[in-house]
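As structure tokens, one chain now follows by itself in the form predicted on its own.
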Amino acid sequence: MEFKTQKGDLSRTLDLVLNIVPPKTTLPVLSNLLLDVKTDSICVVSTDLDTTVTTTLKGEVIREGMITLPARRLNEIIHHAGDDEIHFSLEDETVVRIVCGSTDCRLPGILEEEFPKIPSIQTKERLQLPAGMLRRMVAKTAFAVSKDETRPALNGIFWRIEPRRMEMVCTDGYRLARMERTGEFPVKGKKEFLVSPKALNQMAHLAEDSDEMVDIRVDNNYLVFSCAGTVVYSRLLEGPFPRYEQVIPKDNRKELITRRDRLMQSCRRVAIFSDSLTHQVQLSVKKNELVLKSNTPDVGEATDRVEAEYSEDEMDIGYNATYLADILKHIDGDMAKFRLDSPIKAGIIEPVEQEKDENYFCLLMPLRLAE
């Protein structure tokens, strides 16, 4: 195996595949990238067994061959390399010589036979969607995915596509984020997937141009994304996803409107004095004012006020400050709207002005305030 490439091209290629390489693994070859050098192409592959990414590298092929190299060490070498052309050559079965300008180094790898096979996809059914739309939907929902591995159905993004609507939903049991788009989508019937956020974030990372189209296929329990010469294979997660519609309150008619950034800053300031486990802050909803309070023994207490439009019954609600600030960060526009009912029912938080053809909201469960 032998080829030449430019530092900029290799850096961009590594940027596309490195996110998939697991930071820790019991299978050493998963820490490596596969270099598959053919006469007419240089293919770079990474995988964590659940998600696989393949992309092509620009370069001049001198001799065909395959090898796997340590991903992060290779990235470090390229990061510190000069801007000269980089020359790769396989010196024996597992050692690759890398020459760039005055730098000459040798990097040991692992035989390609130990690297997992790329999933085989046979289906001819395809769906194409704009990259910008998908990137926005993932960004607005993925933050609410559960990190609790004992609840695997909550570890993914629920994605439903119908001919006239598409939605993504995530929840960790304490908060929920849902983005719906209306329009014309090229599907027959209804498609539902439970997808790894890692794979969808990787897909969103592919297209630099929002107008690019992402080619989507489903086969053998895999969802496959193709865009701009890069392919992402994602093993679908096992469901079922909770019937989230049942927890969305229908009677939250008390509306509070406030400046999103002011409330987010206030929440973060008061949260400094919140309990380290619950992160609880109290929101006292008053006429045209929102008062945030936190009081924790041995830590201290804080109070902050934010102007708000509100004319209903006053109430005190407890929320996890981290979750509240995170939701506010993902709300578009200057103003955020809370739709409330009572201190023990979930609140709905949404932008005052929605984008065209979008319906976005987040649900946040309250915390019980101490008597």
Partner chain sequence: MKPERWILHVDFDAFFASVEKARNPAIRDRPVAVGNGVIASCCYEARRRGLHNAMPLSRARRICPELVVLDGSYPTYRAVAAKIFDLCREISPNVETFLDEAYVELTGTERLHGTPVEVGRRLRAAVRASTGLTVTVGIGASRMIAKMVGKSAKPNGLGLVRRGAEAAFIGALPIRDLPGVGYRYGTLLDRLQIRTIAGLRALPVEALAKLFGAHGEILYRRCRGEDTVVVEEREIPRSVSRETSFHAETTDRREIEGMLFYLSERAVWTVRKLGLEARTVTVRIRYAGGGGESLRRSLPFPTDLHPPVLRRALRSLDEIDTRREALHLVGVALTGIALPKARQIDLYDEEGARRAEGIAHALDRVRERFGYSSVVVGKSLDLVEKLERNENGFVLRTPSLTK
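Positions refer to the first chain, counted from 1. Owing to the predicted nature of the structure, the values given are computational and were not obtained by experimental measurement.
Only in words, not in the display: the form predicted together with its partner chain, which the text now covers.
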Heavy atom contact within 4.5 Å of its partner chain in the model of the complex, the stretch among 167 to 175, 83 to 91, 250 to 258, 100 to 108: 167 to 175
Non-hydrogen atom within 4.5 Å of its partner chain in the model of the complex for each of T150, Q280 and P366: yes
Single option in N320, T55, S31, T68 placed near its partner chain in the model of the complex, where near means a heavy atom within 4.5 Å: N320
Single option in C43, M315, A325, A346 placed near its partner chain in the model of the complex, where near means a heavy atom within 4.5 Å: A346
Contact flag, F143 vs its partner chain in the model of the complex, heavy atom cut 4.5 Å: no
Contact flag, P242 vs its partner chain in the model of the complex, heavy atom cut 4.5 Å: yes
Heavy atom of E162 within 4.5 Å of its partner chain in the model of the complex: no
4.5 angstroms heavy atom contact with its partner chain in the model of the complex for D275: yes
